[in-house]
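Okay, so here's just one chain, in structure tokens, the form predicted on its own.
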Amino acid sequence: MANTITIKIDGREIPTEPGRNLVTVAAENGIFIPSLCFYPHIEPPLGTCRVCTCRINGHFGPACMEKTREGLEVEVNTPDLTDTRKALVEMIFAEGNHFCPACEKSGDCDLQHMGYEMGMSKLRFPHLFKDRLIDFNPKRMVIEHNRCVKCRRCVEEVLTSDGRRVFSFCNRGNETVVGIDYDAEAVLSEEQAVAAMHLCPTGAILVKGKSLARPFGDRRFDMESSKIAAPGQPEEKEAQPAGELERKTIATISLAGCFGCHMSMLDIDLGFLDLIELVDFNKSPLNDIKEFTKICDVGLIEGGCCSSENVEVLREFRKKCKLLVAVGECSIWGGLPAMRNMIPLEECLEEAYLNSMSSEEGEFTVPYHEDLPKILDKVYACSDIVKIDYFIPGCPPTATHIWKAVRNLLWNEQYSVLYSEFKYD
């Protein structure tokens, strides 16, 4: 029988065997250490993403590359480490073009899952919006380089039946990309190709005709968190009433978005009847009041800024609302409208008005008039234009998430957003 040793994780003594992977041992004892590149049977571990960074015997290091040994002391859940890991995931999101609502892997994506687990509602880093290659040349696969996080899983694990590697790293430094051997990919069986798609922690590897979206609730990361509350820590709880509530005023607006967040607000259904007993709506499409008549307690902003009119409206909301809330992905970082940020504005306008079908015969001009709002060079997040006080992610956020947050802001009502309510799609 193997020798038993004792290690410490966050001060808790854990008996285990020597030489085991730290991430695996932590998970077996209800301690969640996030990772994007770790795969239990890859030895030695890849250690590429650094999302599992912990303090190991006083020094920062990736937990996935650490083996259990006598005297091992690990810190996982400290404020600085939690923020460091969150920053790493934010940088990965900012560096790639991860449009979750339009991604076939949404709900089954490890990167998205890490964002949920860390409560990532916005990024502290600007999105780069790089225009990278989407490779449709392979026989069975589509390689979406915008989503690749260079974890190296595919390089090590996707092999032909005779042991040839299908993927490899090309170039160096910031120019590194994952290349694919077309001849090797062509001899993969359909099962091997689908296994490669599931191996990828994002939507960078897709199999043609096999990457169909699944309904909410049937996907891997829809309902249950990977975290297990440590002894003595409370589980998530639903909102608790805060007693008699003072009547407040809310304003709402839709900028460069689809109005889906407003539709989600209305999904509170009969609860809306209770809400209107507590709030007045001022300057909102919900009641068609087009001008502010008073200073509002909270302003809810849907959509980003793609035109001069959007900027003007947003700045007016900032002046007239005590608290300003960005609701949905479009307002937080640009969302689906920001897909145009990867190409020049001129090319966008030419494709829309000069190279497309027209409803009027022979009419192929880019519309221009002094009364038309000027299109901006890109779609901007609301926080790029004005100070935003609170962020509610989702495309759209659920009605319960929106109104839990609003009730907290208006009346300091304590609440917890459940894992199943916190989504980017």
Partner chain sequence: MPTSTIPVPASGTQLLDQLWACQNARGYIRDEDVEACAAALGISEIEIEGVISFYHFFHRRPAGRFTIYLNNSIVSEFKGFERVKAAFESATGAVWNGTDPSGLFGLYPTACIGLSDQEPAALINFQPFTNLNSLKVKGIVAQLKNGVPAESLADEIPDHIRYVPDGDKAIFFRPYHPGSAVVKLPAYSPGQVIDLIRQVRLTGRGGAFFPTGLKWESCARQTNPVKYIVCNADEGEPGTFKDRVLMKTAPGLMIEGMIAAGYAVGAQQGIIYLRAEYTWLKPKLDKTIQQFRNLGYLGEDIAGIKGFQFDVRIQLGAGAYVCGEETALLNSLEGKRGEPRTKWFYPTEKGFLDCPTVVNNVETFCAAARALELGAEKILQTGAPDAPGTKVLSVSGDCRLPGIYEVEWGMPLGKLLDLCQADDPHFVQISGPSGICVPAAQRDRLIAPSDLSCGGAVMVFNADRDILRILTNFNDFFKHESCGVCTPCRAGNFILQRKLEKIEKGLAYEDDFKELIAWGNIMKKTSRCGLGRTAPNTLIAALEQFPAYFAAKAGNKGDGLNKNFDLEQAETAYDQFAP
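Positions refer to the first chain, counted from 1. The shown structure was predicted, so the numbers you read here are calculated from the model rather than taken from an experiment.
Unshown form predicted together with the partner chain; subsequent notes refer to it.
**Student:** Go through 310 to 318, 327 to 335, 278 to 286, 216 to 224 and give me the stretch that gets within 4.5 Å of the partner chain in the predicted bound form, heavy atoms only.
**Tutor:** In short, 310 to 318.
**Student:** Candidate spot Asn174, Gly179 and Asp384, all three in 4.5 Å heavy atom range of the partner chain in the predicted bound form?
**Tutor:** Checking in the predicted bound form: Asn174, Gly179 and Asp384 are all within 4.5 Å of the partner chain.
**Student:** Taking 4.5 Å between heavy atoms as the contact cutoff, choose which of Lys210, Lys139, Lys294, Arg164 touches the partner chain in the predicted bound form.
**Tutor:** That would be Arg164.
**Student:** Let me know the one among Leu128, Val187, Ala102, Ala195 whose heavy atoms come within 4.5 Å of the partner chain in the predicted bound form, would you?
**Tutor:** The residue in contact is Leu128.
**Student:** Decide whether Lys374 counts as a contact residue for the partner chain in the predicted bound form under a heavy atom distance cut-off of 4.5 Å.
**Tutor:** So Lys374 counts as contacting the partner chain.
**Student:** Is the gap between Phe169 and the partner chain in the predicted bound form 4.5 Å or less for some heavy atom pair?
**Tutor:** Although the partner chain is absent here, Phe169 would touch it in the predicted bound form, with heavy atoms inside 4.5 Å.
**Student:** Does the partner chain get within 4.5 angstroms of any non-hydrogen atom of Cys395 in the predicted bound form?
**Tutor:** No, Cys395 sits far enough from the partner chain in the predicted bound form that none of its heavy atoms falls within 4.5 Å.
**Student:** How about Asn77: is it within 4.5 Å of the partner chain in the predicted bound form, going by heavy atoms?
**Tutor:** No, Asn77 is distant from the partner.
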